[in-house]
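Below sits a lone chain in structure tokens, taken as the form predicted on its own.
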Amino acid sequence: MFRILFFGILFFVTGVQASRIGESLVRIEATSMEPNYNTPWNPGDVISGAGTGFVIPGKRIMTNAHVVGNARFLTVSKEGDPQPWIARVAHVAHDCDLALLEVEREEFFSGTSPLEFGGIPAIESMVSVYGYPIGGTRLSVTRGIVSRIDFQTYTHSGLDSHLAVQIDAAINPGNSGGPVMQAGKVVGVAFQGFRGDVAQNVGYMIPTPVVDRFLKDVEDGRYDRYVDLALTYESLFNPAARKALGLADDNRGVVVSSVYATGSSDGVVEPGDVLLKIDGLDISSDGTIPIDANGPVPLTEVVERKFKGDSVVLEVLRGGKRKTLVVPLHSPWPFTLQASAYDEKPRFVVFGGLVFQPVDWNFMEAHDPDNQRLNYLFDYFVEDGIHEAMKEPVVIGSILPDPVNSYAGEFLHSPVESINGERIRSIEDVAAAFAKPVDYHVISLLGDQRPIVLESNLVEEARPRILERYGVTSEQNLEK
């Protein structure tokens, strides 16, 4: 099973290098509150955890987003100094698992040495990973060989894929967020690995191109997330297919198979276009480009280094003619609906004992619904263009049994189509529809199911009874 893990196997280190790096290491203790999507009005469970960070220029501490995700209180301590110092999250990027912390009192940084960043380490070169084991307060180091540089899914979001560097360091319960060092410079941030029967001694670090992009993104005081071409493509190895498209036998080009509606490429790129170059770089028939000295990477790496508001230039073959296309890059919505969300409160509306909730990855993970129509809406929300008709699917997430809704049990996890004749495109629409005075509230569900009808007077009569019986402290939350 693939899980986020910490680096932390003890390795004896001596000399000036270990001492200097030790001056930059930070142990992070986080008290977090995990939201409850089954009873969304409850504040959630309080949990504690520990991680690693390191000081970088500007009196900032870098760590992983999953170390501080959903955190309510943070303290940091320096190597050799157990005193806790109160810290806060300055910026967090859950799509690339990075975060920056600030410490309330600047004297914390007295005696620390900010680490500098290097480049991408070469294949077969040695790196050292610094951090703390769980429950420990002393420096721990593991060494490994760089064995692969490739795109990998970042498990923190569960959706986003970025450049990652694989090393053969042993993975034990320990620390995430620690610096990966080579020649005295940071070449990555330790963040995840394999565990169990999948693989042994395989770990991953976030390389400096991803780190550099994060640091540049937050220079204006906010994080805007990654951008995306929002298209899919297929390789072009088949000689017959290449000939039919008018391509030479030169191992160049991939064919666009789909363009997502409302995405960056929508209205610019068309299915069937052959992508030949991206920002002047030749695209091989397997979709890779020669952007770095460490070998080819997927063409999307060009977009990975762009920001919201930037553009990418594509050279394509369309209908036998070469064209130059400029694709403006913008927000990744609606893809974010299928990624794990953090630092957000569950949104919901309770009415007549019915709990209405928007569908996202957090909801699906918590409820694991056995409803084919709902599963289809979630799985194909982007691919089938469902997002063009609604901001988010809304369902009856749970039912608080009461005489006012005694026959509604069969509608659990059913997607809502309309309420009182008003089309439901988001959870805000649910609250607005119920706010309008009517004698009977009619809730229509997607498909051929009969509607749910609630008598207004009976709903109002049942309201205090339901709130008290089930300990509902709030009837709605519409803000993340």
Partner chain sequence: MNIPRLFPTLIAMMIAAVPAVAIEPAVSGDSAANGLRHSILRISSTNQAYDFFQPWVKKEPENRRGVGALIEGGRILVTADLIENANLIELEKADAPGKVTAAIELVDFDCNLALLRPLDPAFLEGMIPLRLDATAANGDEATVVQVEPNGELAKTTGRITSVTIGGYPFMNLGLLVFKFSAPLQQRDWSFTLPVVRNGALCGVLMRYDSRNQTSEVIPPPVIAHFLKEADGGTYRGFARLGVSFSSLRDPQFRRYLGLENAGGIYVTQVAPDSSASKGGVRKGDVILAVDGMELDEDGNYNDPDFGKILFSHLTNTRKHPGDECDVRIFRDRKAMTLSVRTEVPDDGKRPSATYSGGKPPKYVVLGGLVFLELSRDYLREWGGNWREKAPQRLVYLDAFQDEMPADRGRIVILSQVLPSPRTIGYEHLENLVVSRVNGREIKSLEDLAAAAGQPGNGFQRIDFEEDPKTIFLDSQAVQDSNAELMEQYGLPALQRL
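Note that the structure is a prediction, hence the values are computed from the model and not measured. Positions refer to the first chain, counted from 1.
This next part talks about the form predicted together with the partner chain, which is not shown.
Visitor: Taking 4.5 angstroms as the heavy atom distance cut-off, pick the stretch from 427 to 435, 46 to 54, 63 to 71, 445 to 453 that is near the partner chain in the predicted complex.
Guide: After filtering at 4.5 Å, what remains is 445 to 453.
Visitor: Is it the case that Ala244, even though its partner is missing from this view, gets within 4.5 Å of the partner chain in the predicted complex, heavy atoms only?
Guide: Flag for Ala244 set to yes.
Visitor: Taking the partner chain as it sits in the predicted complex, is Lys345 near enough to touch it, meaning that at least one heavy atom pair lies within 4.5 angstroms?
Guide: The answer is no: Lys345 has no heavy atom within 4.5 Å of the partner chain.
Visitor: May I ask you to check whether Phe109 falls inside a 4.5 Å heavy atom distance of the partner chain in the predicted complex?
Guide: Judged by the heavy-atom cut-off of 4.5 Å, Phe109 is well away from the partner chain in the predicted complex.
Visitor: Considering non-hydrogen atoms and a 4.5 Å limit, does the partner chain approach Asn375 in the predicted complex?
Guide: It does: once the partner chain is placed as it appears in the predicted complex, Asn375 has a heavy atom within 4.5 Å of it.
Visitor: Among the candidate residues Gln83, Asn251, Thr232, Ser113, which is the single one with a non-hydrogen atom no more than 4.5 Å from the partner chain in the predicted complex?
Guide: Going through each option in turn, the one that passes is Thr232.
Visitor: Only one of Val404, Val127, Val210, Leu139 comes within 4.5 Å of the partner chain in the predicted complex by heavy atoms, so just point that one out.
Guide: Only one option qualifies, and that one is Val404.
Visitor: Can you tell me which residues in 236 to 261 come within 4.5 angstroms of the partner chain in the predicted complex, by heavy atoms?
Guide: Those in contact are Phe237, Asn238, Ala240, Ala241, Lys243, Ala244, Leu245, Ser257, Ser258, Tyr260.
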